[in-house]
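Listed next as structure tokens is one chain, alone, in the form predicted alone.
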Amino acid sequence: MNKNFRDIRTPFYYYDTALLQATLDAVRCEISQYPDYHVHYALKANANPRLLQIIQQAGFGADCVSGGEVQAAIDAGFPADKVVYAGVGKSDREILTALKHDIFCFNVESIPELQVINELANKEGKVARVCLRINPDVEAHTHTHIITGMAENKFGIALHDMMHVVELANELPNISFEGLHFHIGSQITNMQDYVALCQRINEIQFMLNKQGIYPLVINVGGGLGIDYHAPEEHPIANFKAYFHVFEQHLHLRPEQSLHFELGRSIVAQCGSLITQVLYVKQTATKQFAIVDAGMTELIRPALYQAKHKIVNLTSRSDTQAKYDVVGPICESSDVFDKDVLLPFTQRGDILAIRSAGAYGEVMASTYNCRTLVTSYTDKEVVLS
């Protein structure tokens, strides 16, 4: 039986699984037109076990960036042959975990990593399937902290080294070179960024084909953004436009499969951080709504200057005022937003910080010796 949100200790995460299912259905509807397209859910966005179970039941694969995420994906029921594993710093232990499960593919980011995977695979009597993550030097118009595809970023193999690394991958006895992997950034809403990526991949493929090299797998990463400002109007990302870009601009060979690593666009809108107002504090220049959630529960505003829509769930006042919504953490950056227009807000009111399903719970910490908060779904809590 569902509980009323007023009866639950705040703060907590709330997940609308009906919206999650609708989002997954929208993705499946779009890719059903393209039989060679495959989606791997990016666990780094949210690894809540209940959400993972719903996503894997929808038939998606998993995109992991640590050995822990590989194990979480397997534990949640994702088939190992749909698991891809990226990351610039894979430890020996993490690589062995992935080898043990015979995952679909390692996305390899350097020559030393390629050599280590070959050595470990040899010791285990296995052949590791790899895609080479190429840094395409393509700019994504997003926050500087979440751009990943420029030459100065730590991710991937430089374009001028690519041919040498492909040749090395084909020479190593315990490596099976499957294809290429790319990722240019996150929270991308300008489809022209993906057009530029497609054009760069086309150039790379032409160059490889001239050398008699024909990758079977092309992985374009993820990064599709969502509408943080108006989540009610746009609860589901524009998957139609996203997949259409690749269908129109990427020149796949008949034998190739195209892989995507979507995270934020799948789970962000289904999650909210629910928090209670502890105090309303008036100063000479500001009115603060001090809440019991902080950057320990949702670090994105402090880390990326991210904006989340904030809603007062309990005020019935017709009077509105501006508030700086801040948390209790002993840091000046513990601010969710400034000058937020809300109905008259007072101690005890419940606020929802929307679009917190991605990079919220999964990035939570125990700073200030705080306790990690729990989560509930729409099957457990009524938010009305």
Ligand code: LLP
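As the structure is a prediction and not an experimental result, all values here were calculated from the model. Counting begins at 1, following the sequence as shown.
The same protein has a further form, the form predicted together with this ligand, not shown here; the description that follows concerns it.
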Examine Ala293 and determine whether its closest non-hydrogen atom to this ligand in the model of the complex is within 4.5 angstroms. no
When the contact criterion is heavy atoms within 4.5 Å, does His38 count as touching this ligand in the model of the complex? no
So in the model of the complex, does any heavy atom of Met363 sit within 4.5 Å of this ligand? yes
Exercise: Leu262 in contact with this ligand in the model of the complex, heavy atom 4.5 Å: yes
As a check of understanding, the residue in Arg200, His101, Arg300, Lys309 with any heavy atom within 4.5 Å of this ligand in the model of the complex should be identified as Arg300
Heavy atom within 4.5 Å of this ligand in the model of the complex: which of Ala128, Leu224, Leu273, Cys270 fits that? Just give me the one. Leu224
What stretch, of 317-325, 24-32, 339-347, 41-49, brings heavy atoms to within 4.5 Å of this ligand in the model of the complex? 41-49
Pick out the residues of 94-121 whose heavy atoms come within 4.5 Å of this ligand in the model of the complex. none
